[in-house]
Each structure stands twice: as C-alpha cells, then as structure tokens.
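Two separate entries follow, structure 1 and structure 2, each one form of the same protein chain as structure tokens.
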Structure 1
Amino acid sequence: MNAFGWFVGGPYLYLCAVLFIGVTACKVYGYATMPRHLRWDLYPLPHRVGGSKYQQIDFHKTKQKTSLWNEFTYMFMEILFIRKAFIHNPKVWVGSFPMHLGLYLAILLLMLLLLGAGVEKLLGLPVVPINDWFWVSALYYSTAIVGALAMICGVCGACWLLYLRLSDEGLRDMSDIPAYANLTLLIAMFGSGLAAWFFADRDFSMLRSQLGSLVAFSPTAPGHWLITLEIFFIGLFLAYLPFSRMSHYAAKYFFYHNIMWDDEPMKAGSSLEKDVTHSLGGNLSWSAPHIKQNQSWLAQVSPDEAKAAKEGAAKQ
C-alpha cells in the first residue's frame, strides 16, 4: 500500500501534471498558429465603446474607441458566473455554476496549500489554528473553508448535472458516452476529495504536506488511503482534461477573441495582410466542377491571372 501510495502521490501525479501542461500547451499553440480566417464576428462586441463601428459613416477614417476593461468584465462574468447559462438555461446553470465554482475554489485551494507548504518549509511556521502570527491562522482557516467549499460545490454541481443528463429527455438524447464519463470523473474527483476531507483530513494538513513533498521533489506516500484515492482521481482528471471537451477553458479565449470579437480591419502592409496573402496563394484541391483543382485562390477569383499562371507554368 505504501509503495502504491508513494507511486500515486509522486511519480503518477508528476506524470499527469506534465501531460496536462504539455498537451494543453500544444493545443493552445496549435490554435494560436492556425491561419487567420475570414471574419465571423458576433455582436455586440464588448470592446467597442459606443457600439459597432459599422454604425458610422467612413468608419475606416475614424479612430475607434475600444475598452479592454469592458472585455475583461464581460469575460469575468462569463467565466466566473457562467452568465449565458444563467440567462438561457437556468436548470443547467444550477449545476454548472457550483461545479465551476468548485473547480475555481480547488485552484484557490491549491494556491493556499502551496503557500502553506512554503510557510512551513521556508519560514518554519506550522500552519495551525492558534499561532502567534494572525495571518498564519487566517491561512489555516481559509484553507479549510475554501477546501471544504470546493469539494461540496464540485460534488453537488456535478451530481446535479449528471442527474439532469439522465433525467431530462432532451439532454439524454443529445449526450454521448464521454458526456457521462466527464461528469462521473468530476464526481469521483470531488467526491473522493470530500470523503478525504471529512474522514481523514479536516484541516488539509495531510494534503499540504503531500504537496510540500512534491514541490521539494521528495514525494512521500499520502497519510491516508482516502487521500491516495483523491490524488489518483486528481491525476486522472489532469491527464484526461486536455483531451476532452472539458478543456473549453483554453478554447474559450479563441472563441471570443479570435472569432466572435475579432473585428480587426485589413490594412495595407499589416501582418494580417501578409498572412492572408500567403493563404490566398495556396492551392485548392476541392473537386466540384466550378473549382479549378490544384490552383490557387488567386487563380480561382481572377480568370486572367489564372490563364497567365497556366501559360507561365507551361513555358517552364
């Protein structure tokens, strides 16, 4: 058990974390380096102060006012409160909001645990309820509260969503197996965390010392089998996350900034123009009769240039 515990609490978790970071980074890089696409805006755009520029005569000559703050607050509401689900799908929101809140609180818990581990290791101050240093006591209590809330919110939210997916005919009919698998994994992760907290580690001290050992690269076996189970599911979740649709947290940036809100105009000499010109030079291999196979976009749109290109190629 100890060897297994050490493996799960150490190498396994390192591996899962590396997989999570590596695959997420690759995916994000892949999206970020995709070619600039044609415009596909969806209004209103929060960064446009006073509304869309297309409401003005000669908008291209006018300096447009933009507000990053508006974008930020919009995204904040969307990410933190799942605003659109609240407005358009309250029964899903009832589960989605606490589940997401559980995840955000879990991230906060991780930070508090790391801070606590640092305080213990580097400053030699034990993170206990009664301490000479008020802020260390505060750290102790906030860790316990945030951690417990994270587990409770996560479990409740994911359970509600699973219940809804099973009981609501429309949701059930549109769901595939991964949709259930994702929720089951979330329930397992938060559920094991809740059980570990309740039965074994009310003040998260065991999890803190486990994290401390990981950060110091001298992993130990967790102090209780429930914590081993919790870590096992956390690792599984981390390793699986970037391969699943649950990683929409990374895609969301591109959905909003690169698609719905991307109204960057084409300007002569811009890098956008360079990129698009490059793409327009690529050959198409679509097979329909109205498309000239293996000729460039430019050749498709301009018959004269296509002819010239053909003649040029024939001469060579």
Structure 2
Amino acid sequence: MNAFGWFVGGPYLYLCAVLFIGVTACKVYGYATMPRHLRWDLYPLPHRVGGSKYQQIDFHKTKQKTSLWNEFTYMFMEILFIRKAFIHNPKVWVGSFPMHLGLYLAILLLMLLLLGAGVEKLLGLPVVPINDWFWVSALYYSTAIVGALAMICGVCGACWLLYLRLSDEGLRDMSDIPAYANLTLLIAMFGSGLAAWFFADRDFSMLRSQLGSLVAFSPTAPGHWLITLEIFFIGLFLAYLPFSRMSHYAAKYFFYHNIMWDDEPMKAGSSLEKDVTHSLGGNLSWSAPHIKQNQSWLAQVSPDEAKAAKEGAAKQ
C-alpha cells in the first residue's frame, strides 16, 4: 500500500500535472494561431468607451477609444458568477455556479497550501491555529475554511447537475456519455476530497505536507488512504481536463475577445486585411448544392468564377 501511495503521491501526480500543462499550452497556442474567425461584432461591446463606433461620422478615420480593462472585468464577472446561466436558465445555474465556485476555491486552496508549505519549509514556522505570528494563524484558518467550502460546493453543484441531466427530459435528451463522465469525475474528485477532509485531514495539514514534498521533489506516501484516493482523482481530473469538453477554460478569452467582441476596422495594409485576403484564397474541400467544391471562398461569391479562382490561387 505504501508503494502504491508513493506512486500516486509522486510520479503519477507529476505525470498528470505535466500532461495538463503541456496539452493546455498546445491548445492555447493552437487557438492563438488559428485563422481569423468570423467576427460576430455583437453590441454592446464591453471594451467600447462612449458607445458604438457606428454612432460617429467617418468612425474609421478617427482613433477609437477602447478599454481592455472593461473587457476583462466583464469576462471576470461572467466566468466567476456564470451570469448568462443565471439569466437564461436559473435551474441549471443552481448547480453550475457552486460547481464552478468549488473549482475556483480549489485553485485558491492550492495557492494557500503552497504558501503554507513554503512558510513551513523556508521559514520554519508551523502553520497551526495558535502562532506568534497572526498572519500564520490566519493562513491556517483560511486554508481550512476555503478547502472545506471548495469540497462542499463542488460536490453539491456536480450532484445537482447530474440529477438534472437524469430527471429533466430536455437535458436528458441532449446528454451523452462524455457529459455524464465529466460530472461523475467531478463528483468523485470533490467527494473523495470531502471524505478525506471529514475523516482524516480537517485542517489540510496532511495535504499541505504532501504538496511540500512534491515541490521539493522528494515525494512520500500520503499519511492516510483517503488522501491517496483524493490525490488519485485530482491527478485523473488534471490529465483528463484538457482533452474534455471542459477545456473551454483555454478558449474562453479567444471566444470573447476574438469572436464575440472583435470590431477592429478594416484598413488598407492592416494585418486584418492580410488575414482576410489570405482566407479568401483558401479552397473549400467540402460540398453542398450551393458550393463550388475545390474552389476558393472568393470564387463562391464571384460571378466570374474562372477569374476569381485564379485570383484566389495567386493570393494563396
């Protein structure tokens, strides 16, 4: 059992973390280097200052006032509070919000555990309830509170969403195996964490010690089998996450910034014009009654097909 615990608490978790970071980085790079998407240009645009540019005469001739801060603020509120689900589907929001909150609190818990491990390893200060340093005691209590809330919120939210998918006819019809697998894994991860917290590690000191040994590259077997089970599901979730539908965490920024809200004006010689021109020269490999197969996008809308096709090929 100790050998298995050492493997789960060491090599297995290292491998899962490397897989998560590597695949996520590849996905982000892939999104960032994809051809320019069809822009929705949906108003109101959070980065716009002073209303729509279309309210101005010759707007393309003047420098537009924009605020990336406003855009990030809007995205933050949406990501943190799942605002669209609250407005359009409150029944789903009741489960979606606590589930996402559980994930966010779990990230905060990881940061607090890393800070606590650093305090113990580097400063030699034990993270205990009563300490000569007030901030160390505050770190102890905040870790315990954040960790408990993360497990409770996560498991309750995921269970509610699974119940909805099983009981609601509309959701059941549109649910498939991956949807159930995602929620089952979340329940297993948060549920094992909740059990480990309740029965073995109320102050997360064992998990802090385990994380400290990982950071120091001297992994040890967890002190309780429930901690081993918790770490196993955390690693499985990390390894599975970038391959699943839940990988929208890597695409969210590009979806908002480059698709929904991108309203950069087309100017001669700009990177936008070059991107669009290059895309117009791309050939369509798929077919439909209204599509000229193996001809460029430009050829699809041009009355002079031969000339358009030749222009598209030259621009490629």
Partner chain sequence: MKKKVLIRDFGQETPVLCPIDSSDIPLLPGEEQIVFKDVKPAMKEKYDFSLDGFSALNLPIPQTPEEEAKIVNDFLRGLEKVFSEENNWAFLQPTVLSTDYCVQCNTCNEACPVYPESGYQDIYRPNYRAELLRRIYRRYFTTAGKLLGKWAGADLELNWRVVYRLAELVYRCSLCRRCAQTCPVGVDNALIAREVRKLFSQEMGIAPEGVHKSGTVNHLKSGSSTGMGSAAFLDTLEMVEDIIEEKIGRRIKIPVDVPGADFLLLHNAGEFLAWPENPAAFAILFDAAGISWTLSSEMMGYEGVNYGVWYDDVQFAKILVGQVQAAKRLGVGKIVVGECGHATKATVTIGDRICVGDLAIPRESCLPILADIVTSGKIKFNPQQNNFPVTMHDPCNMVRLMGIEKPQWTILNAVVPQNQIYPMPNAGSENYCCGGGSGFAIMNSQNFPQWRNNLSSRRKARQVLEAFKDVLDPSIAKYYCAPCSNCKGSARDSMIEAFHFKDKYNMTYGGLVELMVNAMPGLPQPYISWEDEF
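In this text, the rigid core denotes the largest set of C-alpha atoms whose superposition between the two forms falls within 1.5 Å. On a predicted model such as this, the values are computed, not experimentally measured, just so you know. One-based numbering along structure 1's sequence throughout.
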Identity of the form predicted in complex with its partner chain, given as 1 or 2: 1
Core superposed first: is there a CA shift of 2 Å or greater at residue 24 between structure 1 and structure 2? no
CA of residue 277, rigid core aligned, shift of 2 Å or more between structure 1 and structure 2: yes
After core superposition, I'd like to know whether residue 14 moves between structure 1 and structure 2 (criterion: C-alpha shift of 2 angstroms or more). no
Could you state, for a rigid core superposition, the Cα shift of residue 288 between structure 1 and structure 2 in Å? 6.9
